[in-house]
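This document opens with one chain alone, in structure tokens, the form predicted alone.
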Amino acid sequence: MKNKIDVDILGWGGYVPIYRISVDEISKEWGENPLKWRKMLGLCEKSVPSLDEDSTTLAVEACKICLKRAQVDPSEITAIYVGTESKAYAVKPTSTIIAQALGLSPSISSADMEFACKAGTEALTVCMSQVISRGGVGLAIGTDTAQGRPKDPLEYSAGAGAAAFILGSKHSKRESAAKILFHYSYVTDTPDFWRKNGDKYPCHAERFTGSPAYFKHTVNAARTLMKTVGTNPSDYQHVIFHQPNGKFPLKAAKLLGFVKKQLKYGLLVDKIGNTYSANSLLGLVSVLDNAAPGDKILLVSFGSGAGSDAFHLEVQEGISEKKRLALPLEKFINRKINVSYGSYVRKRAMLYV
């Protein structure tokens, strides 16, 4: 099989803020029918960061969980890459802040990346390349506190969360939870979503974001990867797609020949919203929390602008012990405090525009 790689996932971790706001609460503020938005978006509520949380702090929490599972000393990490489109600073790297907070060595490779909602899998891809070419141990992160203009459809779905993965090469001789064996990327210039410099909120091309943007890239990336690997949809126990809402991933699964039970653990948007750069990676965190040795996983991200990254993973024996070393993502999803729209506005430091 061509294009085969061999990268170990040594640890994984996810974090979601405790606060939630429901679709009903947002609908009430704008005099809208909540059933309309529930049906349109296929979700019930979304996660909300507190005033003292941002994409950096969420990432640090996810990394702490990841480190517990990896059983790697922070000083051993040789690279850190962060995917986000909601940086705390417009001009200042997030990766260096996280690196110092975790106690990483200054002599590492680090960078921030942005590619809309697939920035997290971009970070994963570059981290893979780093550990393959240079060895060592790398840390890949997807984190966001997504923004949505008040009264815009995005306001109902734009959530917050972070996912982190520690990767090692096949020569690292460490216990592996899962192996990333194949990767494929598919990108085009498709202007379905954008935010100009200085704008507070992003704009989108409404239904155009579905077709041709989301479905064209997701389906092409998945089909090409499976053709390369020589697999069929039925070969996978778990499949994870990017989840801008609750409907798109279900439609993508149907187009590709997957069934709903294969999305059971990776489909989270109905509970936490679209966490942008962390979106599909949080799905992978949830799947690894529940996967068994021998399981095959297909992960396909999507980022507007537009592109998809697809990955073929196979779960290893080491996952059983690593699961017990840290809290599963489910714990953070299930602990929640519901907030009013007024509290939501204060927490997000929003103004009506």
Partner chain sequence: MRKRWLLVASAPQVWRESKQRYKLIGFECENCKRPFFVERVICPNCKSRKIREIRLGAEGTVESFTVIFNPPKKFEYHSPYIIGLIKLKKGVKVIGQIVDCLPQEVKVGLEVEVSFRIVSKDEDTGLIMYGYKFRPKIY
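Nothing here was measured: the structure is a model prediction, and the numbers come from that model. Numbering follows the first chain given and starts at 1.
Below, we turn to the form predicted together with the partner chain, even though it does not appear here.
Enquirer: Might Gln100 be said to contact the partner chain in the model of the complex, defining contact as any heavy atom within 4.5 Å?
Expert: Yes, Gln100 is a contact residue.
Enquirer: Is Gln316 close enough to touch the partner chain in the model of the complex, meaning at least one heavy atom pair within 4.5 Å?
Expert: Outside the cut-off, so no.
Enquirer: Would you check, heavy atoms only and a 4.5 Å threshold, whether Ser50 touches the partner chain in the model of the complex?
Expert: Flag for Ser50 set to yes.
Enquirer: Would Phe332 count as touching the partner chain in the model of the complex under a 4.5 Å heavy atom rule?
Expert: Yes - in the model of the complex, heavy atoms of Phe332 and the partner chain come within 4.5 Å of each other.
Enquirer: Can you work out which of Lys28, Arg38, Lys64, Lys323 has a heavy atom no more than 4.5 Å from the partner chain in the model of the complex?
Expert: By the 4.5 Å criterion, the partner-contacting residue is Lys64.
Enquirer: At 4.5 Å between heavy atoms, only one of the stretches 117-125, 101-109, 144-152, 232-240 reaches the partner chain in the model of the complex; which one is it?
Expert: Going by heavy atoms within 4.5 Å, the stretch is 101-109.
Enquirer: Tell me whether Phe182, Ser185 and Val219, taken together, all sit within 4.5 Å of the partner chain in the model of the complex, counting heavy atoms only.
Expert: Negative, none of the three is within 4.5 Å.
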